[in-house]
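Coming up is one lone chain in structure tokens, specifically the form predicted alone.
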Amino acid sequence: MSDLTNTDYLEYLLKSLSIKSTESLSWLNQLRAQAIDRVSTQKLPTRRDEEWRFTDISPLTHLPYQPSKLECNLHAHDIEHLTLKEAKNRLVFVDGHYSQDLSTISDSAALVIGNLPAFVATHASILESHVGQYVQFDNNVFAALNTAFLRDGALIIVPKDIAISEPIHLLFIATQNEVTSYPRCLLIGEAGSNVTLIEDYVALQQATYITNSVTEISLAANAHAKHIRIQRESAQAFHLANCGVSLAHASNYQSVSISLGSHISRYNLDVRLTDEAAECVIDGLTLISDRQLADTHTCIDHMKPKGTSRQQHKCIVNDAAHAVFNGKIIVRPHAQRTNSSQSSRNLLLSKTAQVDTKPQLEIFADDVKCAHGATVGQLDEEEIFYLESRGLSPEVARNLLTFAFGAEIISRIPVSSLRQQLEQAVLNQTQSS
């Protein structure tokens, strides 16, 4: 398939789609049909597109992988090392397909949780008003593809004034080679609710495949959500993800995103502060080596007054790897008294490592406090010398400083077992001989 063009790739995927006529009246299938129409009119982005000018995804045109098959041969002991002891509720998806046998649900009385298709009939009104509303697919071909192939998906609805003390773990496991999976997540936090969500992408073997995911989060007035997103897929995989967040009055969204795996990865995070006094805190860490490419695009859109946002993104890049960060903050004309800050800090561990960073401010109001900054550099030789003067070898000193640079972001994860797993992963990856 090496001779496929940009358009051929999408046409090849669309041939595998079908919507049964008996389902044509359902709102979900109408949404799928709209997405199919949008895919047919779009093209894959290229480096000629401003939003993709640092990220070449042309290798995807050589990988027109069919959707993954419903084949799960895993047992509980196979994924025991991936589970989190703090999480009483765990939804497991294998190659994008929901596995009831591997999932654990213990709070069904306190919240709505499970596989999205199981609630299409019973919760049609609320689902129709949220699914596809926060990640638009009109001009986003990967979001359109995800919606067109939408079947299984994680659904969490936290009722009004309910606080879920234990984290909810969404575990997406890749096992098949040369397939595409389309994970979907929807979190709805009703007024005054509080929840911690872990969105975890892992691989059980080194394989070549595509993950195309969409996550949508809606927080009503005074709702709180902590969103921890971990991408640790196969080093040969392609990971394309979109997340859309809508924040109502005085709601609070805190995000920590860690990107370790995949040959090429792209994560788009769009947060819209749609009412007064909404708050968001977004932290990210990219740690890559060899010839990996990791691209993170974020947009924080202040639409109403008194909003607050803080963002810090770090990249640690080794060998011939390439990291991209594009962070945009928009302050609309009526969003007076906005307080926003953004920081991009990047560490190069080799002469061939590359980082492209682009913080952006678009301010259309005059009574605001906004700041941004970016740094790209190597380890501080004075700090290395200081550690050497305390008896550490040059290698150990460099490893310690590199680990500390990344551990600052990981320390903000409120789940201790996951935090320890990631600290060990960063420690392993930042050690040089």
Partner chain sequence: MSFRLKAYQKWLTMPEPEWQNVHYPKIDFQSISYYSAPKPKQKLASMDEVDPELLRTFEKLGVPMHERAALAGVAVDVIFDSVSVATTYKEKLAEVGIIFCSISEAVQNHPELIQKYLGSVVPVGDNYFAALNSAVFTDGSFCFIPKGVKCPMDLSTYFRINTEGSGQFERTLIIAEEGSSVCYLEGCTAPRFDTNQLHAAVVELIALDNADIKYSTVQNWYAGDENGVGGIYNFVTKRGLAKGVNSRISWTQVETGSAITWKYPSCILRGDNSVGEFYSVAVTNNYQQADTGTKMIHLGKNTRSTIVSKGISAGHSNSSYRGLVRITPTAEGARNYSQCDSMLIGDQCGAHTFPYIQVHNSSAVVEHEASTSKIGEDQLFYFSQRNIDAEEAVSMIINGFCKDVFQQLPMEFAVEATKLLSFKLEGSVG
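For clarity, every value in this text was computed on a predicted model and none was experimentally measured. Positions refer to the first chain, counted from 1.
What comes next is about the form predicted in complex with the partner chain, which does not appear here.
Of the candidate stretches 347-355, 249-257, 83-91, 173-181, only 347-355 has residues with heavy atoms within 4.5 Å of the partner chain in the predicted bound form. By the criterion of a heavy atom within 4.5 Å, residue 364 is counted among the residues contacting the partner chain in the predicted bound form.
Contact annotation for residue 391: none of its heavy atoms lies within 4.5 Å of the partner chain in the predicted bound form.
Residue 53 belongs to the set of residues with a heavy atom inside 4.5 Å of the partner chain in the predicted bound form.
Within this chain, residue 236 is remote from the site of the partner chain in the predicted bound form, having no heavy atom within 4.5 Å. A heavy atom within 4.5 Å of the partner chain in the predicted bound form is found for exactly one of 29, 375, 40, 46: 375.
Residue-level contacts in the predicted bound form: of 206, 339, 360, 136, one residue has a heavy atom within 4.5 Å of the partner chain, and it is 360. Contact residues in stretch 211-249 (any heavy atom within 4.5 Å of the partner chain, taken in the predicted bound form) are absent; none meets the cut-off.
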